[in-house]
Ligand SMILES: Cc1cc2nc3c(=O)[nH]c(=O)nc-3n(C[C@H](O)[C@H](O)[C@H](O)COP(=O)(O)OP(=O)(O)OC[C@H]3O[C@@H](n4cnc5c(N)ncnc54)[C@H](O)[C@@H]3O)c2cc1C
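Below sits a lone chain in structure tokens, taken as the form predicted on its own.
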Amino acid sequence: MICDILVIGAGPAGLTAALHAASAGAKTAILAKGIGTTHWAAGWVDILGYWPPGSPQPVRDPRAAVGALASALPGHPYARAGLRALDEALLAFQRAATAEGIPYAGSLDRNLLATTPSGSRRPTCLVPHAMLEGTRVAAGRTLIVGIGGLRDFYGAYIAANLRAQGCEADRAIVEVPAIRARNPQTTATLAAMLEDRPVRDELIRAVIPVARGFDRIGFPAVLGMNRHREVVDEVGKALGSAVFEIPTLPPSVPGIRLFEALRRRLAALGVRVIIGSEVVQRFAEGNRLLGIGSEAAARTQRQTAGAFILATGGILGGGIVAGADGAVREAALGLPVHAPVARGAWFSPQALAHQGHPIFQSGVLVNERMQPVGPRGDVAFRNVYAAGAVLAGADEWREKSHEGVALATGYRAAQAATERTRPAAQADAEASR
């Protein structure tokens, strides 16, 4: 395969980078060992939930908080990418999601408080429209509905925790014979079943008797997969009440919807997406990466590009790994890694330490163009860029900044990569005339 830009990784950072690179006219492809965090994350977009570190109060204005964070921590990925890249990336994300039928609500100026599977209210920046009503549970009466046979969704627990926070909430479990008969093993299977009208009508008939007097009805996030908006609209109309979804344990149906929506968008832009192919070799000349070798049936397949964007994830995603000798390394290209010097410094003495654990901030250092650099600031490969959780300096799950870092750095990396490849692409175009 030969392309202008090869993105390694198919999580939020890789998808964002590919979307922007292809939109800018670069011939782009994605190569990934597996699907990224979309399939186990909630489906919303975190920018910054808590700041400064250890603060018990959720961030109200993520734009202002990101600016303060970037000033305080110049090595943080937000400081490298810049607030402008975050702003533009969010706008591009919302346009793409809306165009593919899953619009998101919210803005960079105010965090929402979304209802979680534990009944807590969690700060996040953007939510799918189907979760928006769940940010309003502080007012009016809310019913949480569980579906008989669906495991790992605890409506009573959610309602009790909402009540403990001063919300007026109750719960009910409904039996739907068609669902019981088919015994779906995953939330993804149940979501697909509810696109079947007879099954959906059975669910509606089961909920109507318990829904009277409530201002909104919360369901597990299984209201359709490919025809999600149709299912949500019909259920809400039939119940005469606002309905909303609450994330479940993985697989995440909202995350799958988002991944498939972005993949459709990429396909429309001509981006080839290859899942299930691990990088096992690199080909370099001086400080230029010529290509990578990826696993294929009975052989290694060489992939060549003008520029490469590394978006393989961090210590929890397999992009950064620790060996038996205690060394921490970058898995795909062997780039320099910033990490604690000794194994004994990986973790804080307390499991729930407010400052987090140093190992989770391990990753690749980059300059302002998102090019990986060594300890002295020297560029590792002048045509390689990095984005997302593979970067050093952020504890994304503690900060609640995972998607924001992915979008901002993926967008900025694609900007820099396309600036590099554009002259070559223009020369090719002129030569073909």
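Everything numeric in this text was worked out from a predicted model, so none of it was measured. Heads up: residue numbers just count along the shown sequence, starting at 1.
Quick note: we don't show the form predicted in complex with the named molecule, though the next part is all about it.
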Worksheet item: Would the named molecule in the predicted bound form be within 4.5 angstroms of a non-hydrogen atom of every residue among Phe93, Leu126 and His129?
Response: no
Fill in: Answer option from Phe259, Phe214, Phe360, Phe153, heavy atom within 4.5 Å of the named molecule in the predicted bound form
Phe153
Worksheet item: So which of Pro336, Gly75, Gly356, Gly149 gets a non-hydrogen atom within 4.5 Å of the named molecule in the predicted bound form?
Response: Gly149
Worksheet item: Might Leu249 be said to contact the named molecule in the predicted bound form, defining contact as any heavy atom within 4.5 Å?
Response: yes
Discussion item. Residue-level contact is defined here as any heavy atom of the residue lying within 4.5 Å of the named molecule in the predicted bound form; does Arg171 satisfy this criterion?
Written reply: yes
Worksheet item: Contact between Arg180 and the named molecule in the predicted bound form at 4.5 Å, heavy atoms?
Response: yes
Worksheet item: Hey, of 110-118, 153-161, 192-200, 217-225, which bit sits against the named molecule in the predicted bound form at 4.5 Å between non-hydrogen atoms?
Response: 153-161
